[in-house]
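Here you get one chain, nothing else, as structure tokens; it is the form predicted on its own.
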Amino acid sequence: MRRFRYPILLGLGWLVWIWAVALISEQVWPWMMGPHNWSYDVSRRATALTRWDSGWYVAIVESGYQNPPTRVAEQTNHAFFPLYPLIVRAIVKATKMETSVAGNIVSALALLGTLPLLAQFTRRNFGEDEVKPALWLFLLFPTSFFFASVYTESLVLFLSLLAVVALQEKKPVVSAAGAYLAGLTRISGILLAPYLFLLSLEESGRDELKKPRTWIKALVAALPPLAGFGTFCLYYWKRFGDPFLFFTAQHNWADAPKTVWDGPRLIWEAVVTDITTGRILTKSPARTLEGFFFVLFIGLSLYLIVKKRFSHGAYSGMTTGIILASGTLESTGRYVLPAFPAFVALSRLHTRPILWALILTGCAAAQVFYVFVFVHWLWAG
């Protein structure tokens, strides 16, 4: 229990901090509030950390999935996975609580469950000395405020870490349950499949790799997240006649037809445009910082692989690399949050005290800025 106490107390302290920043931000310069298309009813009752995509989750909780899109650029809530809104809906029905408040509570509880698991993962794979630095960096990372928002980041991280830690502790049923639910939470959940497969092989040991049962066990460990996503597709097929409606909805969010194969090209064109027009430092500083996050986490993934932590590096790399399919870098800071091994790798800089102090201070300052612009509808993430 002592090992759980520090992560949970740190998490509670961080939640107080992030909510204080959000509530103060909401009161400071209210005239800076950016435009949005939410109804008056929803916007007046939404909490300070309920913005942008939070509205889609609120809509799913309160009204379910809408009719499928019929044209390109028609945004619908089919692009969002069901587990998070289902949990929020259960709380709302049981307590009559306001939807966004219930969403914030689900996110906060998932975060408090995540932190002891992250500590356990770090202790087992990187050593006791890395636990506290990893927790501090994880919480003070500029975009970590999403863990308290009405978003799925904290839930998918909790379930992903549960699956990984349980697998390493020889608890296959718990691992399968966490992985299956992660596949119902967010698209990054399915990346657990190759991660758990590789991790299972590593945990078995080199001498066991020649045995067929070792590979069968690894395949079994990899199936639950795919089964979770498959359940989501099956639901869409039964209700809407399109098992891949999630991908259809995702693509329809663009202004013009595109596929996942167009993503890298669109990102490259945006980067070239920002550089050649000077937008990289003027009109698109947020997108520039998101590009930095992308390069940073790719680098951390490669570092883990070079250090012979292949499964952790591969998972971090896949989690970061999936951003290329989106066609934009503008939400990179949020998309990299599930790449928890990369946070541990970066936290190893704590051995350089001055640099480490600068990193944490810079992250905390950036986090305040990100919360401010998020609360004011000036940045979507």
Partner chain sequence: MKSALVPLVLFLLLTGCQREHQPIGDYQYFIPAVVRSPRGSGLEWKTRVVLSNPSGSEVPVRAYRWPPAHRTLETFDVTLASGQTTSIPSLVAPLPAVSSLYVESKQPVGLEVLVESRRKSDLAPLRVPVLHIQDLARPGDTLRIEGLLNDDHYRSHYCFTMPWTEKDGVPYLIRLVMTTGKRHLLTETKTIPGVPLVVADPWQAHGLPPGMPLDLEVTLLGSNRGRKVVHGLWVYGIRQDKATGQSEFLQTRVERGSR
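Note that the structure is predicted; figures quoted are calculated from it, not measured. Positions refer to the first chain, counted from 1.
A second form of this protein, the form predicted in complex with the partner chain, is not displayed here; the remarks below concern that form.
At the 4.5 Å threshold, heavy atoms of T122 stay clear of the partner chain in the predicted bound form, well away from it. Looking at T95, you'd find a heavy atom of it within 4.5 angstroms of the partner chain in the predicted bound form.
W29 falls outside the set of residues with a heavy atom inside 4.5 Å of the partner chain in the predicted bound form. Contact annotation: S43 falls within 4.5 Å of the partner chain in the predicted bound form, judged by heavy atom distances.
Residues placing heavy atoms within 4.5 Å of the partner chain in the predicted bound form fall in a single listed stretch, namely 85-93, out of 162-170, 143-151, 85-93, 210-218. With the partner removed from view, the residue among L289, I105, A177, A227 that has a non-hydrogen atom within 4.5 Å of the partner chain in the predicted bound form turns out to be I105.
Proximity to the partner chain in the predicted bound form, taken as a non-hydrogen atom within 4.5 angstroms, holds for one residue of T99, S301, T185, T114, which is T99. Residues of 63-78 that come within 4.5 Å of the partner chain in the predicted bound form, judged by any heavy atom, reduce to S63 alone.
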